[in-house]
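As a starting point, one isolated chain is supplied in structure tokens, in the form predicted alone.
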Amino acid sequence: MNHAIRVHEHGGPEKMVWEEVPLPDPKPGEALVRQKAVGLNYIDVYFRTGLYKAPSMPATIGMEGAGVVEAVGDGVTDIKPGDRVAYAGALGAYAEARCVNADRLVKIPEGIDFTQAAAMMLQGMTAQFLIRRTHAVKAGETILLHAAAGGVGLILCQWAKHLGATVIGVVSTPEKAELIKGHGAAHALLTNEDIPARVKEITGGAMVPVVYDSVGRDTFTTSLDCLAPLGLMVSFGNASGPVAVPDLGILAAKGSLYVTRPTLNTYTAKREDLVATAKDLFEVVKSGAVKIEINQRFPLKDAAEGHRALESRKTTGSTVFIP
């Protein structure tokens, strides 16, 4: 038996249908994974609504999961049946069992369980490349992070503090402000405050070298206004809607700024980069410096409830679905 959540037409959470699907056979280069946990990410909403297009419809959405390899296709040597594995960035995760390209799977080390792995792969590896590669956060720096109480946000807060940075986090409620202060943020700002003014006050007028922004349209200009000259605006999501590409002259006027729109897929396109990114993440979690906060769990068949909670800003940290 195999079930999956499938989207037959784009729209709200009610468009997600739990139905029986065939158990796939792994093709050459693939592994069949019996999933133990599936992660929820905002990109899942984009595929459900049609902002991002799946290759075909009906589509099984979802980008990350963890489980046990049941079978492998021809040519697969790194992964074998019985291995505990996890992945991120492979569309089709909302299923009890699925095939994944074996070169996208990483083995889960001892000391990390399936729910942790499913909750951290996409969000944790995103946090890793953002603060280790897109902008290599250094001790003594002050950085600004929007949506700091979310999945990527809580990981990034902890990891940046571990690296010796001062984190200014922006959140929507006083409760979330308390949450991020307990996870490494030195300062918690609310979305209804004058963010650039508060950043100016906190930094003594210096502003910040980097802003990490997954909110998108609603915060883009605010983010630019928080940057020091030659600063980097990292736009890695659009929870409030896509950013309209500005007149590039605005970057000159605000201090010869840089803007990037990175994705995990690019940073982990080479297998060696994927393995190194996951290894760095697993090590920092096992060290205790970063804790993966799984604050919501739903049965996979009730994934629509998870989407409703995520879109209404009721979630904090990570959310997992249990098949």
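Everything numeric here is computed off the predicted structure, so don't read it as measured data. Counting begins at 1, following the sequence as shown.
Another form, the form predicted together with a small molecule, is not on view; read the next lines as being about it.
For Thr191, a non-hydrogen atom is located within 4.5 Å of the small molecule in the predicted complex, even though that partner is not displayed. When contacts are judged by a 4.5 Å heavy atom cut-off, Ala147 counts as touching the small molecule in the predicted complex. Taking non-hydrogen atoms only, Arg261 approaches the small molecule to within 4.5 angstroms in the predicted complex. In the predicted complex, none of the heavy atoms of Asn101 sits within 4.5 Å of a heavy atom of the small molecule.
For the three marked residues, Gln35, Gly92 and Phe298, no heavy atom of any sits within 4.5 Å of the small molecule in the predicted complex.
You can rule out all but one of 82-90, 199-207, 117-125, 68-76: in the predicted complex, only 117-125 has residues with a heavy atom within 4.5 Å of the small molecule. Shown without its partner, this chain lists Thr134, Asn238, Thr166, Thr222 as candidates; in the predicted complex, only Asn238 has a non-hydrogen atom within 4.5 angstroms of the small molecule.
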